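Next comes just one chain, in structure tokens: the form predicted alone.
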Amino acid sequence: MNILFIMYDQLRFDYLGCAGHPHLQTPNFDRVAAMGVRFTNAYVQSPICGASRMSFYTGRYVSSHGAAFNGFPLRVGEITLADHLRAAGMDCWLIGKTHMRADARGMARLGLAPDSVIGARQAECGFDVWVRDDGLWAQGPDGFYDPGRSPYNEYLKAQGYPGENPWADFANAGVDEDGDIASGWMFRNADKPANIREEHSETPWLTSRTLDFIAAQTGPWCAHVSYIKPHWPYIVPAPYHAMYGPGHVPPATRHPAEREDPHPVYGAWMANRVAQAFQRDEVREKVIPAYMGLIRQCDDQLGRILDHLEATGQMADTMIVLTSDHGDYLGDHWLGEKELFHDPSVKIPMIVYDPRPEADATRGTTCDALVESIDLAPTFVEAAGGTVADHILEGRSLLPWLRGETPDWRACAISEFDYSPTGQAVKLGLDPKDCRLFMVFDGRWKLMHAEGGFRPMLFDLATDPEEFHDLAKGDAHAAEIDRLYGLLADWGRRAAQRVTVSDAEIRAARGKSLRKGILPFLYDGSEVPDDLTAAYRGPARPRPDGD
């Protein structure tokens, strides 16, 4: 069986037709949901691109793999999804974005050449690369945000688009009334069509590379197809720019109570530049229709892939997973972007189609189990016929849920955020070690813990599903706070660092040292079988000095 692991960047869990969006049609997402299971309570291990993706790719929590923020390298030697799948006989390829930053110092220390097979895999989060393009080719006075090669920019130049950076000039910019560049970085331009032929824009380009990959394969494969959209810049080519308008923009999910004596960390986020922009109705009315258009384009391109799999008979032997690395506030909770733990940021879409007969009973259903992004890695290993290395992989296989079973499951979902590089950390005057947030969610109660001596935040999603009222402002819910802190403490005591020896190896080794002559604490040897002491019994041998 093959695995098609598709990730969309910054796609909210509720911006899909099958998730109940009132205006956005996503027939191809819905098509996969009708064939498989849509998990309605899926959470990322960090609500920011780099840290979240490293958890997807390692199957481990952020505090286990350590790559806690964008640009933080994943340490050399970290075992990834691709390593696990290769051990099970399946190739694992990247098509698109990873946000991986290589541990160059670690590689140099170990003498790993970047152009060797093992060096290249270490630098690419374990994947073999069909094409990698992280998609943000921003350019300022100090150069490019993400230095390196952009295959997409090379493609645009080959199509005749001029300039050093056609990604910025065409794919993510329109044209204003004076014939000047209307950059997608400016929210006021979000309703303009990107100045590019739709088939040349980023999402169709990556879809075509995916179809090229599938056509070239002869053995079992896992393809991680990772789209940059609907991540900002919020601008989309025609006709998608005009499919939705201000009348399709829902009221912001926010409440004045959220701004009354807010948690200091939350208050710092509400005061940052992106939050202040999304607190303006004219911004939301420009951006959200473009965001919806980007999603609709993603859906249409997903249809190209699904149609190809159907036409070539590969739908019957390809597992398909659709998900995202985090959500987008879009003005909800007085915020923009992501990074905190309200559902619009930390909850993600997750749809899994398993073509095998064992999954027939659950087709077209939803599952409300507490799922974490790290669950996909063991799911893929088990689907590939491998043995899940549960001393390394901290997630749990979703295959029992796909088979209609009710497995013993986790009591809570955990997410982490290290905000030490941010302006909010500076505003709060915190040392890096104190810039850590943790979410504990048990399906009803959601706790946010902040290091640095701050109080927690607490929400009861049964009575307050919009997460407006922070119950930790008072003392009426001390028992729930203590209970959730107990769950966080249990999680903090997990065995996460013994990755070189499995539980099975430990069990198999128990008592074996006795048979290799390690016999401490015996009085006369009668305590153990005679064969264990045979090497230590018999006539004494003469010393070489004859004494």
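Under this definition, the rigid core comprises the largest set of C-alpha atoms superposing within 1.5 Å between the forms. Because the structure is predicted, anything quoted here is derived from the model rather than measured. Throughout, we count residues from 1 along the sequence that is shown.
Omitted here: the form predicted in complex with another copy of the chain. The next part is about that form.
**Student:** Though another copy of the chain is not shown, can you say which of Arg259, Arg75, Arg304, His477 has a heavy atom within 4.5 Å of it in the predicted bound form?
**Tutor:** None of the other options qualify; the answer is Arg75.
**Student:** My question is simply whether Cys435 lines the interface with another copy of the chain in the predicted bound form - judged by any non-hydrogen atom within 4.5 Å.
**Tutor:** Yes, contact at 4.5 Å.
**Student:** Just checking whether Arg60 would be counted as a contact of another copy of the chain in the predicted bound form - the rule being heavy atoms within 4.5 angstroms.
**Tutor:** Judged by the heavy-atom cut-off of 4.5 Å, Arg60 is in contact with another copy of the chain in the predicted bound form.
**Student:** Just to confirm, Arg105 within 4.5 Å of another copy of the chain in the predicted bound form by heavy atoms?
**Tutor:** Yes, Arg105 is a contact residue.
**Student:** Does any part of Pro151 reach within 4.5 Å of another copy of the chain in the predicted bound form? Heavy atoms only, please.
**Tutor:** No, Pro151 sits far enough from another copy of the chain in the predicted bound form that none of its heavy atoms falls within 4.5 Å.
**Student:** Please identify, from 247 to 255, 387 to 395, 294 to 302, 319 to 327, the stretch that has a heavy atom within 4.5 Å of another copy of the chain in the predicted bound form.
**Tutor:** In short, 387 to 395.
**Student:** Are there residues in 491 to 510 with a heavy atom within 4.5 Å of another copy of the chain in the predicted bound form, and which are they, in order?
**Tutor:** Counting only heavy atoms within 4.5 Å of another copy of the chain in the predicted bound form, the contacting residues of 491 to 510 are Gly492, Arg493, Arg494, Ala495, Gln497, Arg498, Val499, Thr500, Val501, Asp503, Glu505, Ile506, Arg507, Arg510.
**Student:** Is the shift of Gly20 between the shown form and the other one large enough to count as movement, that is, does its C-alpha move by 2 Å or more after the core is superposed?
**Tutor:** No.
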